[in-house]
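Coming up is one lone chain in structure tokens, specifically the form predicted on its own.
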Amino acid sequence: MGAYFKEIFTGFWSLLVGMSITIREMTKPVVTEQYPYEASVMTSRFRGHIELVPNEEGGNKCIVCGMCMRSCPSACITVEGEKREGIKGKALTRYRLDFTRCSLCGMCVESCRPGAIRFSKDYNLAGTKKAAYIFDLLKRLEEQNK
């Protein structure tokens, strides 16, 4: 008979503890974001796709060394450049990223000596076609600078 009342008391105590936690959490402020209507703030460590870093003149810092392309284990980066008259070194003509193959490992960003690429803060990428995820980063940089 004593075990019966002990079990009832234990169950009742468990109910009170659970309800106290529930009531305490109900009184705290809401932390839910209203996603489509409020933009999320990305943390400093967020890794979106890579993007070219602009230099002071509005161009890019890329020297077309190809280290990002060689260090990428997914082979999702294509860098092309050409030697132009009056410009020391090569000039970047095409920087293509196939984001469908990218694993966001960061090897390309680490291997870039001049610091010409970095992770972007783009987080809301959605599409139904693969072509929507193949980026020409040089064109994107030019559009941003306009």
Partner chain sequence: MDSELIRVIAFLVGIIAFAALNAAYLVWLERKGAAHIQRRIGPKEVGPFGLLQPMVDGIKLMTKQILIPDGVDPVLFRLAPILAMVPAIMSFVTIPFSETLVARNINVGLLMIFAFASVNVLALLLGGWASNNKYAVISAARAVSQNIAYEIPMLITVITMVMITGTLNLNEIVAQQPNISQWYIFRFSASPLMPVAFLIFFICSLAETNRAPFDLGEAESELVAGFHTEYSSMGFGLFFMGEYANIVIGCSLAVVLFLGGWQDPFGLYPGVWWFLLKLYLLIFTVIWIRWTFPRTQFYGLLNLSWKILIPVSMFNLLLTAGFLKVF
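Numbering follows the first chain given and starts at 1. Predicted model, so just to flag it, every value in this text is computed and none were measured.
Another form exists, predicted together with its partner chain; not displayed. Remarks below refer to it.
- Mapping the unseen interface onto this chain, T22 counts among the residues with a heavy atom inside 4.5 Å of its partner chain in the predicted bound form.
- In the predicted bound form, its partner chain lies within 4.5 Å of some heavy atom of I8.
- Taking the partner from the other structure, its partner chain in the predicted bound form has a heavy atom within 4.5 Å of a heavy atom of L15.
- Using a 4.5 Å cutoff between non-hydrogen atoms, T43 does not count as a contact of its partner chain in the predicted bound form.
- None of 32-40, 54-62, 116-124, 94-102 except one has non-hydrogen atoms within 4.5 angstroms of its partner chain in the predicted bound form; the exception is 32-40.
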